[in-house]
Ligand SMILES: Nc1nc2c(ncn2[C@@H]2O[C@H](COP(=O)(O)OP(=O)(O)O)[C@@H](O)[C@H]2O)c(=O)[nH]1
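One chain is shown next in structure tokens, namely the form predicted on its own.
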């Protein structure tokens, strides 16, 4: 069995790549499963992957490194219940030091004779190009430190969302990346393309054999401060409408909340919404550079009740982020024939990273 550890910053496209990779593998008769991971407890990505009929486990309430025993348990559960040939383990987007705190413990404490572990880290091609051209990234210094360390420690660096660059920018990012990282395994990918994802599958399928894995040097004080700069918000919101306009109101909430975050110049790690209504589901995602990847919401569709899950990872304080949500709900609640109910609300900043194991 292969365990593919997948890191990379918030919004780098890990979930899309993993979901589409599982579909490619399953079409080849290869059973693939996924373990998602987050500081929060109510995750859009876990539900989204599960809806694709992919066996999924979840480590929530903290990163893999700080909840190693739970990760280990999830691997065993998937192995016993589904006997996958491949397990993708997707880390929290604000996490780094994964070789020392996750990969090496997996190799040390699990049966390395029958299990191989690979490590890929994803990066948004646009942010990567900015970094290579020495243009400042949109986050604070400590949070940028995490981003840079994720790139540094990547054994396989997947430069993702290449389709969002111009042809000229694509050439530039490839040339600069090869110059700056001559010894690093680089892949340039559009994870919406099965052919592109298949190239990554081929590489990680051939990796993982006995090799030396190098831990990085990291300042945990800066790392912890970088996570503390971020606000996490998870909640479910139920929209009910007597005139069947619940979908229109939910779409208005999404648009207005996103616009408020952008108007306040709060850098977005990721902002994910999962709409459920009339036996349908629709995922909407915003990331650092604010592009939106979604199906269009048919706002005229008559819907009485909509369930919305919100996962927001924003450079802000929890209090500020929470207030933006409350203000928008209060504004919409004033409309006639509309009832809005919040459920399972959680808003916080991640705690200081404290790995269960760490191998230098």
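Numbering follows the first chain given and starts at 1. Please read these numbers as outputs of a predicted model, since none were measured by experiment.
The discussion below concerns the form predicted in complex with the ligand, not included here.
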Please identify, from 185 to 193, 102 to 110, 218 to 226, 258 to 266, the stretch that has a heavy atom within 4.5 Å of the ligand in the predicted bound form. 185 to 193
Could you tell me if residue 15 has a non-hydrogen atom within 4.5 Å of the ligand in the predicted bound form? yes
Evaluate residue 236 for contact with the ligand in the predicted bound form, applying a 4.5 angstroms cut-off between non-hydrogen atoms, and reply yes or no. no
Can you work out whether residue 248 and the ligand are in contact in the predicted bound form, taking contact to mean some heavy atom pair no more than 4.5 Å apart? no
Do residue 10 and the ligand come within 4.5 Å of each other in the predicted bound form, heavy atoms counted? yes
The ligand isn't shown here, but in the predicted bound form which of 149, 131, 74, 272 has a heavy atom within 4.5 Å of it? 272
Sole residue of 199, 169, 163, 115 within 4.5 Å of the ligand in the predicted bound form, by heavy atom: 163
Taking the ligand in the predicted bound form, which residues of 41 to 74 have any heavy atom within 4.5 Å of it? 45
